[in-house]
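Just the one chain here, laid out as structure tokens, in the form predicted on its own.
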């Protein structure tokens, strides 16, 4: 609140010094050369895809379990979207199906670009190393949707190195969201992370109408600018950036709080009374715990659990409906059915997890899940 108040009393509410300050802090935290802030996570995906050359002739492979924006931003550019199946137990992109899709596609034409957009889902880093290996083989590019995974990491295939979500070690760009439910809250906002100066410079132009301000011998006046591309008004305000800087300074405390809540859930929900009714997410040190998703093991049980918990004033959510089930994508793809995505969706339920969740509230959630399971038996 103090950070935002400071901006309110300053000379700039937008296009001031706080946005580049936030970008510098983000690049430092994620270990990338560049961060480009914008108005939302969707805007970040849009300008990242556009900066890497996505057009109407492009092919984009997106996991079926994600928020629709991961696919939508490709459609904004006219690209063809292909949905990849996921692992039923985790909701993460299935690299076996990904390879099948890539091997069945005709070789990309000279000016045609291909993209893979793995999602680091629920707080777990996507299989970026394997996706990048496949992308390199088939001349595709990788753009990570890292909106769920600030602070997340996984071990590399060699077992020695850590691969951090958002680091762009196995992608050309990564995208963040600063929506209120995310780890970093700016009210709204997003960012493109990249190690490419070309991608970063293009993204900066596109977030502000495609405008450049060239200060050379012919045009050295500060008011001069020129539009060199057709961009969008995707700028972040200094108010959002100030809030983001403050949030980022406390991110480790937030991650630790989420980790402790996840540990407690894992302990409590592993008791015998839940056996055969639910499965739990795999616990790992590199999990950022954006979501804690339990999966009900019997048909229809998830929907009944959602209604029961709602009646007890416990808000849960489903992350996500397979994107191909939405009417817009059904009109394009018809009645697509991917078995891993269907199995995952049938049982998934996100129970409350956020840094302010108290132990009393958490115990109440577990107690009511237990009461529901007992009723079902």
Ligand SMILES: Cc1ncc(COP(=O)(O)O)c(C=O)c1O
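Positions refer to the first chain, counted from 1. Owing to the predicted nature of the structure, the values given are computational and were not obtained by experimental measurement.
One more form of this protein should be noted, the form predicted together with this ligand, which is absent from this view; the next part is about it.
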Give a yes or no for residue 347: in the model of the complex, does one of its heavy atoms lie within 4.5 Å of a heavy atom belonging to this ligand? no
Hey, in the model of the complex, does residue 189 get a heavy atom within 4.5 angstroms of this ligand? yes
Whether residue 174 contacts this ligand in the model of the complex should be assessed with a 4.5 Å heavy atom distance threshold; does it? no
Taking the shortest heavy atom distance, is residue 67 within 4.5 Å of this ligand in the model of the complex? yes
Which of these residues, 209, 182, 302, 130, gets a heavy atom within 4.5 Å of this ligand in the model of the complex? 182
Assert contact_stretch over 140 to 148, 195 to 203, 163 to 171, 266 to 274 against this ligand in the model of the complex, heavy atom within 4.5 Å, equals 140 to 148
Does any residue in 32 to 47 get within 4.5 Å of this ligand in the model of the complex, counting heavy atoms only, and if so which ones? 40, 41, 42, 45
